[in-house]
Each structure stands twice: as structure tokens, then as C-alpha cells.
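Presented below, as C-alpha cells, is a lone chain in the form predicted alone.
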């Protein structure tokens, strides 16, 4: 009996040595687990056995013999937590009176070995259990090493994939950077996605202000739901069942993934993809890659959009500069010398083309027309109407009609040529350089200031603004006999409404107080002081209106 036990012990030791040599000669996990399973099942004559690994708290069958595949698949759904026998045994009822032993190492519990009933139907003895534990301890180091190698291989595969994708992104960034045509940008994006994911179903949607559209697709019906998708404020990706929740029609169109294209966290477009080619599903790394490609594409699309806007802006600015030059040329080049009048005038343009106008037109040797006007609105339409006014005025000035009836004619001409509600505030008069008389008509303009002996009189006789309606009532005129040292200040509302950085206006009161204080100065000095005070008030603030002033000092 003693000799039999010795022989048995020797056989067990030899089996352990052979097993140790076998499992440690390979770093392949499947090879190690299969050897562990075959050795134990052969030793104890069992027909069923399996090795379960601990995958972050979830039990996963990695090697099995005598177990139907459908049972393995059912077990590996992720529903079985890795724990003691109370977790594992209920999930394996077909093994009967099985034995479950843990596989442990310095990393903790790696898994467990499960052996079914012996063919002999006998229970596992204490001695057999200890032998199994010894076999498992020997295998544990090999299993741990194999797991580490498998993890390293997986890390390397992921790293290689990321490197390849980074390389692709680098090349794509250069390609996208060279493109400015929307069609070529969308095709490069589509081909990049198809090349990586082999999906024949895709759509690329671009959100522009007031114009959301599909710029490339293999799913024509996607165009019917573009506006719905644009209104859903999609800020993160949707995959699988989440796509149906996003929009019920998407699943019918076989869309499985929706990824937003964003700039500074604002969604500017969408990438929609169908099922990935092959037997693979979309993973997080795939979605990250799609995000990256989408970002390159949307930046390129936005750059193209901004480039076109810049071209339009540059073209508009060039046209505005041309309009400003034309407008400037419509103003008098010089002011005629007069015996009794010292005259100075200026028109300071805002950044926009405006509608301010002034003119001094010689009628004959002693009479001169002096006019100032302000067309409503800004831009080219206002400047064109101002040019019409100048043409009307120069034509009227050649006739011998009285200034009041002439104003009615000008009003009728302006009314016929305005259809968008524009109008002109207008003031004009005739100064006589012999009698020092001044006959004027005010058509709704800011009343010019007549400063005499420290008192201000407003020149407001006239009628309605030009262009509002045809002349129904004649315009009234007034004749004033000017005196030495009288000061006349004609101005547009750009003066009194000039804004400070705090958005405060210069005001009529400030202008009146200023001109009363400088009435003794020559015309050019009065003009200089007015513009200085207005600029001082503005203090560098951008002005939205032209500033036009005519100063007449009676000698």
C-alpha cells in the first residue's frame, strides 16, 4: 500500500512537471487555457469543463469542452457577474455536481476552473481537490502572462489603428485645406468615410443661416427631414436605437449613426451613416475618427463660406468707396468770393455712404443759391437720390421761377422718383451780394440758426419734406434783411445727433450755446470750432450719419 501511494505521488509529480513545462512554453492564452482544461478533464475523467475569466467584474467563458455553443453564448451575454460559487453555479445547471476552483495571481482573481461530474459519478476527494489547486497555481502564472501579452497585443493593435488614423487625418487635413469648392469638399468627406467604414448608405447635411441642405447623399429621401434634424439641436452622436429616438424616419432609411459636425461647440452640420461594412459595429474609436474628419470638413466648408462673404464684402466696400468718391465730387469744389459774405462749409462722411448734400450755385453777378439737404437712410440708394436732387436743383436754378414755386417743382420731381418711402429734408435760399437780403424756403429741414446780437432766430418758414407726397399747398418763403456781423449756421442732423461713446447726443442746445459764444469769429473759425466740439463730444465713437455745416458771416 505504501508503495502504491509512493508511485501515485511520483506520477502526480511527473504530471505536474510535464504540465508546468507545457503551459509555460507558450504565451498564447488559448493554448494555456486549453492545456489546463484538457489536463484536468483527462486526469479526473470528466466530459464537461470550462475556464471562466474575470473581465472587469463580468464572467466570460473563454475555454470550454462538452458545453453546447448556445449555452456558452447565453452565459457570455454579460449578465453573469464574476464572484464566488453563488454567482457562477446557478448559471451552469447542466454541469451537475461540478467543482469550481479560483485561478488567482498577484493581479487578483483571474478567473476560475469549472469541472463537471466524473464519469464514475464519484465526488472529488480532498486529495484530488488539492491536486487541482496545485495544477491551477502552476497555470496561474502562465495565464497571467498570457493575459498581459493579450492586453499588450490589443493595446498595440489600438495604437497602430490610432497611428494609421492620425496619419489619415494629417493627410486629409492637407487635402481639405486646399479645397474651396463645396462639391469637392463633400466628396472628399464621403469617400474618406466610405473607405474606412465601407457603408454604402450616407448623407452629409450642412446647416447655413436660413438655408439647411443635403450636400451629398445616397439616400434621396433624407432631404424630406433636413429641417426637422436642423431644429433638433444635435450636439452629440446617436447610435443604434438612439437614432430612432432622434427621428423615427431614420431607421426606415437604414441610418445607424448620426455624428454632428461642430465648430466651437456649435453644430454646423451632420454626418449620417448606414451599417458598417463587414461583421463590425461602430466603436467609440470609430466615432472619434468620424468626429475628427467631420471637423476638418466643416472647417473647410465654413472657410469657403467666409471666403465668399469676404469677397462680397470687399466688392461692396469697393463699390461704397466709389460711391463716396462720386458723392464727394457732387459737392462744390470751391466757394465763390463775395463782397458781403464770408462763407465756409464742410461735409464729413461717416463710414457709410450717406445722403448729405450742400451746394453754392451762382445765379448771376449778385445772387447766389445756397442749399443744404439730407436724404433719409444710408447707402447707395440715399446717395443716388442725393445725386438726383443735385440734378433737379441745378436745372431749376437756371430758370427764373421764384424760390417758393421752384421748391414745389423739386418736391414733385423727388416724389415721382422715390418708391420706397425715402424723403429729403431740404433748405435753400438766395443771398443777394448787393442788398444783403436772404430769401429762403425750409422743406422740413433742421431750422438754420441766425445769430444776431447774441440772440438766435430759427429759419423755419416753408413746407413739407420733399418726396413725401406731391405738392398740395405752395411752399412759403421768407426774406430777411441781413446785417453786419450776423451769423448764419446751416447744418444737418448729423451735427446735433452726433453720439458719444456713452451713446449721448450732442443736442441742439449744445450747438446753439456754442455758436452764440463764437459769433465774433470769421466763418472758417466758426466752422472749425463746431467740428472740433462735435469731434470732442464723439471722442472717437463711430458715427452713423454724415456731418454737414455751412457757416455764413455777414461782413
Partner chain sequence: MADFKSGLRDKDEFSIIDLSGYLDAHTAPELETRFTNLIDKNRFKVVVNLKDLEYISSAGLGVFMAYIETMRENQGDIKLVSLKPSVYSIFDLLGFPLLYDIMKDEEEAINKFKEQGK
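Positions refer to the first chain, counted from 1. Take the two forms, find the largest set of C-alpha atoms that superpose within 1.5 Å, and that set is the rigid core. What you are looking at is a predicted structure, and each value in this text was computed from that prediction instead of being measured.
Below, we refer to the form predicted together with the partner chain, which is not included among the displayed structures.
No residue in the set 412, 422 and 443 has a non-hydrogen atom no more than 4.5 Å from the partner chain in the model of the complex. In the model of the complex, at least one heavy atom of residue 172 sits within 4.5 Å of a heavy atom of the partner chain.
Residue 399 falls outside the set of residues with a heavy atom inside 4.5 Å of the partner chain in the model of the complex. Using a 4.5 angstroms threshold between heavy atoms, residue 92 stays clear of the partner chain in the model of the complex.
Residue contact with the partner chain in the model of the complex: residue 108 places no heavy atom within 4.5 Å of it. Taking a 4.5 Å heavy atom cutoff to the partner chain in the model of the complex, the contact residue among 315, 183, 122, 213 is 183. Shown without its partner, this chain lists 133, 244, 81, 187 as candidates; in the model of the complex, only 187 has a non-hydrogen atom within 4.5 angstroms of the partner chain.
Of the stretches 458-466, 263-271, 175-183, 319-327, only 175-183 has residues with a heavy atom within 4.5 Å of the partner chain in the model of the complex. Taking the partner chain as positioned in the model of the complex, none of the residues of 460-484 brings a heavy atom within 4.5 Å of it.
In the core-superposed comparison between this form and the one not shown, the C-alpha atom of residue 193 has shifted by at least 2 angstroms.
Superposition on the rigid core between this form and the one not shown places the CA atom of residue 454 less than 2 Å from its counterpart.
The rigid-core alignment places the CA of residue 436 less than 2 Å apart between this form and the one not shown.
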